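Below, in structure tokens: the form predicted alone, a single chain.
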Amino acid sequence: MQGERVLITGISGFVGSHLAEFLLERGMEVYGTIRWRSKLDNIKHIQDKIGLIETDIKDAYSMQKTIDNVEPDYIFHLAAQSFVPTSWKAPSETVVTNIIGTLNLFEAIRNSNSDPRIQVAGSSEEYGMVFPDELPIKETNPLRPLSPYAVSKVATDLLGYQYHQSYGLKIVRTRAFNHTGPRRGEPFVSSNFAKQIAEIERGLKPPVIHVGNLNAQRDFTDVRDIANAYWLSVQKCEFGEVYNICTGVARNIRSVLDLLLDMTDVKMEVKQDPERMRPSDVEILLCDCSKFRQRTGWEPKIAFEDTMKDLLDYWRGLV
């Protein structure tokens, strides 16, 4: 494995930056795609150790040139418009970026001399509407997406299946449930709470936490455990198959907020903000990860309390 080439699309993002760290520690030669406007804050500490390639995944020529130049042994396809609320405001951009971007990647691989192992990062949002008798969610659950983002990830997922079946591309599809930790983007719920708390502690805003739906339940995994899972997926999983990645524990958003509030001495009011409510929301995402665990032996190692502490400390260091 030493010195093998890895391409991470969207390397400057939350998961991409952690995955790059993980792979560098294992002696891999790491390359990553960025856009001209990409913020590089997440990877500035490793920027001199990775190859950054300005690429627009929506442009077929740009994608082809990247694949031909890197000739990767492994590809982790993480680049996407990944924020659900944004997909309501910009559905066309979400669909084009996520679906056409993935199509361009697969076509570029198919038309190259490379034969990489490819991980396609799907999402638990693909499952959408889940009924109580369908829990915990298995890979065989019906897909009933409830947002433009979720629809785009279903299409991305199925393109992975189709390109494996039609052309033999070595594609593994993963559906990771919620993941968080240091460097998580501000719009995402746990990170948004942590940032607000850090700002209040510094006296930068009044002691009021603005929230959306606190009753929704999510299955959270630490991003550093996710990075390990993604690596194992291209090592041990069956091509063409889909695998859930999760802890198997659902927490309501209120309990996540309460845990973070327990980590500060400042008293704060919690106030619901109508602007943070979605047109439709998935009430519960509780995952069955047995298929992936049996195939890879993966187990999450980082306690949720440690994840939240690291996330809050990350924001305390930024604000």
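Residues carry their position along the shown sequence, with the first being 1. Keep in mind that this is a model prediction, so the values were computed, not measured.
There is also a form predicted together with a small molecule; it is not shown, and the following applies to it.
Stretch in contact, per heavy atom within 4.5 angstroms of the small molecule in the predicted bound form, of 232 to 240, 140 to 148, 120 to 128, 212 to 220: Every other range fails; the passing one is 120 to 128.
Among the candidates R224, R173, K195, R184, the residue which, in the predicted bound form, approaches the small molecule to within 4.5 Å (heavy atoms): Answer to the contact question: R184.
Of I75, A79, L105, I245, the one that lies within 4.5 Å of the small molecule in the predicted bound form (heavy atoms): Only one option qualifies, and that one is A79.
Contact label in the predicted bound form: G10 to the small molecule, heavy atom within 4.5 Å: Yes - in the predicted bound form, heavy atoms of G10 and the small molecule come within 4.5 Å of each other.
4.5 Å heavy atom contact, G16 to the small molecule in the predicted bound form: G16: yes, in contact with the small molecule in the predicted bound form.
In the predicted bound form, K58 touching the small molecule (heavy atom, 4.5 Å): Looking in the predicted bound form, residue contacts with the small molecule include K58, since a heavy atom lies within 4.5 Å.
S38, heavy atom within 4.5 angstroms of the small molecule in the predicted bound form: Yes.
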